[in-house]
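Consider the single chain below, provided in structure tokens and representing the form predicted alone.
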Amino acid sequence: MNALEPLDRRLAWSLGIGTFLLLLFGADSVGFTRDEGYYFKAARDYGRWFDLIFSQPSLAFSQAGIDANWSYNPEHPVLMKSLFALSDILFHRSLGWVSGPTAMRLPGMGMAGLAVALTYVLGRQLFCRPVGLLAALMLLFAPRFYYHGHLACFDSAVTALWVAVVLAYVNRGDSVWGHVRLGLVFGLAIATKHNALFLPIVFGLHWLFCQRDRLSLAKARLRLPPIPWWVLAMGVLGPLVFLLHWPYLWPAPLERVSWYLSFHLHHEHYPVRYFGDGLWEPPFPRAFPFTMWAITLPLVTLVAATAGVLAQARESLSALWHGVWDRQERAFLLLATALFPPLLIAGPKVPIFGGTKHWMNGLPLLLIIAAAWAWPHIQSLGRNRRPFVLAIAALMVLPGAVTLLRHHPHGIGSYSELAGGIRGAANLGMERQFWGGASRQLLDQLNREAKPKARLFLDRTNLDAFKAYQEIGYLRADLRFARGPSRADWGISFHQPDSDWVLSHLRQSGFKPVAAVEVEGVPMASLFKKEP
């Protein structure tokens, strides 16, 4: 492990703050998604509980007070939703600096900045400063990561905390504090999203790899080395943090944790368009997550990542053959933490909706692998002359930045050169949208042309997202939310499989298409007006 220097800390802070400001600068044009509507409502509910702590603390900690304010949206832990609530209280209600929805988005942007900063730190510690910097910039300019970084959701946050737990694991040493820190950070990770529950499995595989020379068979029974302290730290402190952070669990912890786990073990499936097929039910293609990485990451990143994975795999296999060395242990850890998330999603019964966000937590590790492979080649191509080296390194980052600029604010549907961009992906029959963000670009026309108190059906833009548009001033306050196209004067249809019925219904019910949101000539959302 390479020790951090003051310059590294300054670089990490600069990357994190710079990412946050860049996301904040571009957030105005990113529409609210269906999930954000639910989390806005949850945050406001939880915010009432925080208010209650100061006004009626005995009621706040009673079961009645907890159930009244924490029962909504129990499908997910509440670390991020609590941060949304506190940000709303501080930056909107108290200081008045930003609108409520923008305030609730700030923690997600901060977590995206943290993910970029920690990617730099981990790459720096495992390899060198240029590797960390290159990996961090490739993450920042990965179009789909950049898109999710704007949202009041959990995906950029769990990506940051996945890297944070890996960083705590490699820095734990033999000290008590090192193990305590690992357990606490793991607790924060599982308090963010259920993806992090698989980290002990990943670390267990790494531990077995590192201890393989100490494994033995005696009398047909496998003998394991002593269980390491990190197992105890993560197994005790992690669940403790998880329990303490979520007031909803306190009245009936076993029952409510069981419900939470069962919800995700039996999660419903939402349709995805994949090479022209609408995938509604399992079994899903095992290649799905790897194919999606291949056609959404910039081609230069994909080449470096593929070559890097093969190089790290060769080092790991060499260790299995020749013995244990630090480099090989590092190689196996990077491979496991980068590839376990997409391998998990590759299960034929695992839900695949949402584009690449469900295994995005593995992306920073994949990019560290890519940067570690690319940097020695960049140096050799540049003949160690600094201007040439910097120019070649910039070419590693430039394609992602250009794609990001071309596709923003519709990064959820961004595709790379390998797919032929968004137009090529549309020709291939790939998913373009997921749950409603593209309505934002049609609101100005609705504000201009809709009659007073007109009824709007915005498809996957739910009621809470609709209210958020009105609260922030993007949508006129007099316009009304319609729950179905039959009750609407205006309608929006998104180009995703579960919206096909909406498009058909609108066309058959006398609605006329009047506008569309297009990227590279490909429609993302279409606006319809009901004819008299």
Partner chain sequence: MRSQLLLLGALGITWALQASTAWNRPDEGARTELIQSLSKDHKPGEEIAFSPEWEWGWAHRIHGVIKKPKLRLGRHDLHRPHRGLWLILGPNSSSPPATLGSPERSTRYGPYELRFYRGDQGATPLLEEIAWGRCRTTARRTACREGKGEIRRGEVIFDGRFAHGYKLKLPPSGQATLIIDPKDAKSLVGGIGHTDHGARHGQAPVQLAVRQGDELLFRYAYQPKTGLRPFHLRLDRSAPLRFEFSTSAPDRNEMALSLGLQ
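In this text the structure is predicted, and so the values were computed from the model without any measurement. Numbering follows the first chain given and starts at 1.
Omitted here: the form predicted together with the partner chain. The next part is about that form.
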**OP:** Choose one stretch from 115-123, 397-405, 249-257, 161-169: the one whose residues place a heavy atom within 4.5 angstroms of the partner chain in the predicted bound form.
**Re:** 397-405
Original post:
Within 4.5 Å of the partner chain in the predicted bound form: all of 42, 95 and 286, by heavy atom?
Top reply: no
**OP:** Give a yes or no for residue 417: in the predicted bound form, does one of its heavy atoms lie within 4.5 Å of a heavy atom belonging to the partner chain?
**Re:** yes
Original post:
Looking in the predicted bound form, any heavy atom of residue 460 within 4.5 Å of the partner chain?
Top reply: no
Original post:
Do residue 264 and the partner chain come within 4.5 Å of each other in the predicted bound form, heavy atoms counted?
Top reply: no
**OP:** Classify residue 184 as contacting or not contacting the partner chain in the predicted bound form by the rule of any non-hydrogen atom within 4.5 angstroms, answering yes or no.
**Re:** no
**OP:** Can you tell me which bits of 245-259 touch the partner chain in the predicted bound form, meaning any heavy atom within 4.5 Å?
**Re:** none
